[in-house]
Structure formats: C-alpha cells, structure tokens
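Shown here is one chain on its own, the form predicted on its own, set out as structure tokens.
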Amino acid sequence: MEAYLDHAATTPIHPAALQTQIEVSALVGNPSGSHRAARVAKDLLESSREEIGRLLGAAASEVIFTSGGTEADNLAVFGSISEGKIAVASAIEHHAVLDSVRASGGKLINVTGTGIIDLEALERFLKENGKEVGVVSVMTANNETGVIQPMAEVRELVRKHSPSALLHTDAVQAPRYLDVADIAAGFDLVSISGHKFGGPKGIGALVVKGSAQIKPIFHGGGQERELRSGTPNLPGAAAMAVALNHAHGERAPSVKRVRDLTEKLRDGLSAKFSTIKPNGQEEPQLCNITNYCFDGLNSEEILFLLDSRGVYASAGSSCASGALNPSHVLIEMGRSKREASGSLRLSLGTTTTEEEVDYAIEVIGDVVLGLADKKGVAWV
C-alpha cells in the first residue's frame, strides 16, 4: 500500500493535460517563426494564453509564459524594482520570493502567530517608506501551512500608502482550490505554476495586468512582450491551459471531496495524538494542507520511516538539496527551532483516496508515536 500525501510539492498530471502535451510535442513549428508550421504553433500558443488569461481574470496579452513559479516570482520581484525602489514581502513567502527580496535589499514583514502577514507592521512600514516601495509581494496561500492571506486588506493598505507600488501574489498553491481571478483582483502581478494543479512540470506564467510596467531579468529574442526571451514551451503551455481549465471546472466538487478527506485525516491523527494541533488552523486554510509540529522529534527521521512504509509526505518546501532545515515559515510564526525541526506537511489532492488516508493515519500514528516513545518526549 502507498499513500501520496505531497500534492503541495507536485500533483499528478491530469490525463487530458498529458495527452495534450504528447500531441503538441509532435508539432515542429517554432511559434516565433513566420511559415505555416510556425503559424500553427503560434495559433496554439495564443489560444492557450487566451484560455489561461480568461481563467485568471486577465487579458490574453497579460499572460507571460515562464519556466515555472520560481521564474515568475523572480521576474515579478526583480522586474518591478529600479534605482531607489525596494521590494517588500511577507517573511513566510516561498524562497523564490523571499530570497529575491533579500538579494535586492528589500524588506520582509513579520507574520502573526497564526500565520498571516502582520497588517499593522505592513502599514507602519508603508506609512514611513511608501514612496520607496516598488513592489509588495504577499502569497495567496502558504505552501507549508495552507493559510490563506488577507489579500483584500493588503491591497487596501498598499493602494492607500504606496499607490505607485506594484502588487504581486504568488498564487502557485491556489488554482485548484481557490478562484484566483476573484481573490487576486486588484493585484498587478500573479504567479502560477502548472505542475501544482495537474499540469506538467517546467511551465508557469506571470500575469502582468493593465498598465503595470516591469523589466526583463534576462535577454534574447524578445518573446513574451520582451519580458521573457526564449522559445516558448508550447507543449507545456498548451497542457497547462488544459489543466487549469479542468481545475477551474472541477473546483467545487474537488474542494468538497478533498476537504472531507483532510478532515478525516485530521480527525484520525487527533485520535492518536490529541495534544498536537495543526499549524495555522485558526485562520482560513486551503482544504488540502495540514501541517504539524512534533516537538522533540526530527522531520528527517519521520519522513524516512514513513517512506519505508509507502507514505510520501514532506517537512515543507521542496528544494534541490533535499536538506531538511527547520521551516522558516514555522519559525516566523513563533515556533521554536526544536518544534520546527519536527514538522510534517501532509497535502492531499484530487487523486487521493479514502484508502490512502486510512493507511496514512495508521502509519503516521505508528511512526510518530513509536519515535516519541523511543525518545521519551513529554507529549505522548
């Protein structure tokens, strides 16, 4: 038996998206060319762009294809700042935003103990430094805790105190379960990544709305409104459009089904360790993410033992090294390094079954309680 509970890291590709990717990969034309084969490719690229824009509440011309969420986030941050301007973001952003803001000399805003951006701290900073701010980036929903950020309040503060700043949101976790067009209304820049909602890996987009002006972060042939040079990933773009369409059309039943499974998972785990509560549960959360801190245990040990029994989860964000450093998200929420070092993120998806959840409850209970008993931790 296996249970894949790492959908926040990547989702299985939707069968229709996979079929589209395979079929489009056979096309030979480069969308940047001018002959018939190129025009066929170009027409498909633009129809995919139009579909994605429609589903995200944007015009087709506002959709810029990228290699994924990381590139979209980097383009949003670095593309929005110029001489004398800085980037501002919450301290719990994905590293694609967090490290870009740090590298550019920007400002990180603290979060509350429940995992949302501290709106009072944001307002204080904007009141004092509003004219210097080039972009404010606040993620739609956190990739580790699932906590949904107060987007409308953020938008109101930025427009009031720093009206010339651009607003960016990393919406990578959102399209499967939230209406991005609605929740990100009024934001200038929106990042998405195909493989987070049933599309292929290696394709994403940055929506650049209306009169928002950003600059490219690398140069070449001038594709994508001269904001993202390079031959477009046509199979990826077409497949991502198909996946986003399915995610949009299937959202209501998906949310209900996944929420029910997540509640089943939480109830089952609560029955096994009643003193441990999900992080961020006081705030609105995505229906598919549950995050725990097992104080006194080590995430790497937990995940190794879960993996050995076919339960696949994570401690937080995926990274190239596989290193399990304490989650910066949980640290910023006030968790101790010891607590954050024992974190476990369980993220379900539309392909998750009741049998997987039942099996995961059994195995997680065995592993966590076994480790806790072995180490003599106080909460057992």
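Residue numbers run from 1 along the displayed sequence. In this text the structure is predicted, and so the values were computed from the model without any measurement.
Note that the form predicted in complex with a small molecule isn't included here; everything after this is about it.
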In the predicted bound form, the residue from Gln173, Ser80, Thr290, Ser90 with a non-hydrogen atom within 4.5 Å of the small molecule is Gln173
Interface check vs the small molecule in the predicted bound form: of Ser100, Asn143, Ser299, Thr262, the one with a heavy atom inside 4.5 Å is Asn143
Would you check, heavy atoms only and a 4.5 Å threshold, whether Gly69 touches the small molecule in the predicted bound form?
yes
Spell out, yes or no, whether the shortest heavy atom distance between Ser193 and the small molecule in the predicted bound form is within 4.5 Å.
yes
Although the partner isn't part of this model, could you tell me whether Arg228 comes within 4.5 Å of the small molecule in the predicted bound form, counting any heavy atom of the residue?
no
Is Met139 close enough to touch the small molecule in the predicted bound form, meaning at least one heavy atom pair within 4.5 Å?
yes
Only one of these stretches, 207 to 215, 268 to 276, 106 to 114, 164 to 172, has heavy atoms within 4.5 Å of the small molecule in the predicted bound form; which one is it?
164 to 172
